[in-house]
Ligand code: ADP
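What follows is one chain in structure tokens, specifically the form predicted alone.
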Amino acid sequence: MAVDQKQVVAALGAIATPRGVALPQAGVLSDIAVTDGKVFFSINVDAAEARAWEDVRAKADAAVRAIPGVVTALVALTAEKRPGSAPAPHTHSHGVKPAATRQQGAPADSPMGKQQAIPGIANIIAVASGKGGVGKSTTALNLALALRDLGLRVGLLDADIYGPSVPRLIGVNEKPALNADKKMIPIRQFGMPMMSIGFLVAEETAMVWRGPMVMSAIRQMLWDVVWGELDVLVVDMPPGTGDAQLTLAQQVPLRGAVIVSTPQDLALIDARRGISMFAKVDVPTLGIIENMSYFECPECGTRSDIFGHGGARHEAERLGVPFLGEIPLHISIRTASDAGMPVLESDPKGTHAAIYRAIGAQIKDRLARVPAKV
């Protein structure tokens, strides 16, 4: 049975608010998006009221999920400080309690003091870039597969809310099922659990969300997914240094970040910003990868440095971070990705698969040497 906006509003009408009226009449709801049984909206209040409204958010989430035909729901509580309002206590719109212990060395009132490990996941690493168009998602997927080939239990989270690529890269367009606890069961492909907002919305849907909705979606894909026991969760980050990156760093103890860049100066400037951002939130850089490093003609074998060459290596040396390797610009990587069959699956014994595995081996080694956060 198809769910519509009127049903959602009717369900929310049974929820009382601190303002003495039902939720739909309180003037705090964003537009309610309903697509194929998936419901998304936010409750927008002043930061000083945030704690009083967390129970309302939880009740709204439960009410929407109870509507027949609802597959999943994302109800975010956004709290913005208005002029003259008092600072608000930290709230967790996903319903997870603050961690009993915080990152070592972080002040008690620091956002980094709110990190909490996800049960069953030993290590979480971010694959990031300062700008789009550098092949980050393709690299993240193939690195996850490389770590899998090295004997690790690996999962992949596509945290690029505005431009999710993983569904296309793995050739899957399924919707995740829910278990008895209403948690999402990740899609399994190539022997790995995977989650992406792209599994929940149509490929052509524009995600016109403000920062708090993006942060809430990432928290939900971290905490409300049955990941199981994993040695490594690889997180494909959106490009840039914004809300998504800060949310991940503040919510979970990241073991490190892998920065993907192309060789040209503009990409390296943005990669530098990414490294700086992770350093500010105490996340070590596991290394830099130079993607699209060179082009080798498949017909004549002539090598061309289309975007320049060696820029990422020199930048890594300058910044004192590891250089993990070069990945060429090659049609087989592109065609394999477009076909939903990444190169480690389509040509596991090929040259390019070997390059990814060599980089994966370095990441595995560095994870063994990076101190765990407690």
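Source: prediction; values computed, not measured. In this text, residue numbers run from 1 along the sequence as written.
Missing here is the form predicted together with the ligand; even so, the following discussion is about that form.
Checklist entry - Within a 4.5 Å heavy atom cut-off, is residue 42 in contact with the ligand in the predicted bound form? => result The answer is no: residue 42 has no heavy atom within 4.5 Å of the ligand.
Checklist entry - Is there a non-hydrogen atom of residue 71 within 4.5 angstroms of a non-hydrogen atom of the ligand in the predicted bound form? => result Although the ligand is absent here, residue 71 would stay clear of it in the predicted bound form, with no heavy atoms inside 4.5 Å.
Checklist entry - Do residue 313 and the ligand come within 4.5 Å of each other in the predicted bound form, heavy atoms counted? => result Because no heavy atom of residue 313 falls inside 4.5 Å of the ligand in the predicted bound form, the answer is no.
Next on the checklist: If we define contact as a non-hydrogen atom of the residue within 4.5 angstroms of the partner, is residue 220 a contact of the ligand in the predicted bound form?
Outcome noted: The answer is no: residue 220 has no heavy atom within 4.5 Å of the ligand.
Next on the checklist: Within 4.5 Å of the ligand in the predicted bound form - does that hold for a heavy atom of every one of 134, 291 and 334?
Outcome noted: Every residue of the spot touches the ligand in the predicted bound form.
Item to check | Stretch in contact in the predicted bound form with the ligand, which is absent here, among 63-71, 22-30, 321-329, 47-55 (heavy atoms within 4.5 Å) | outcome: Selected range: 321-329.
Checklist entry - 168, 183, 148, 255: which sits within 4.5 Å of the ligand in the predicted bound form by any heavy atom? => result Looking at 168, 183, 148, 255 one by one, just 168 meets the 4.5 Å heavy-atom criterion.
Item to check | Heavy atom within 4.5 Å of the ligand in the predicted bound form - the one residue of 36, 347, 305, 338 that qualifies | outcome: Checked against the cut-off, the match is 338.
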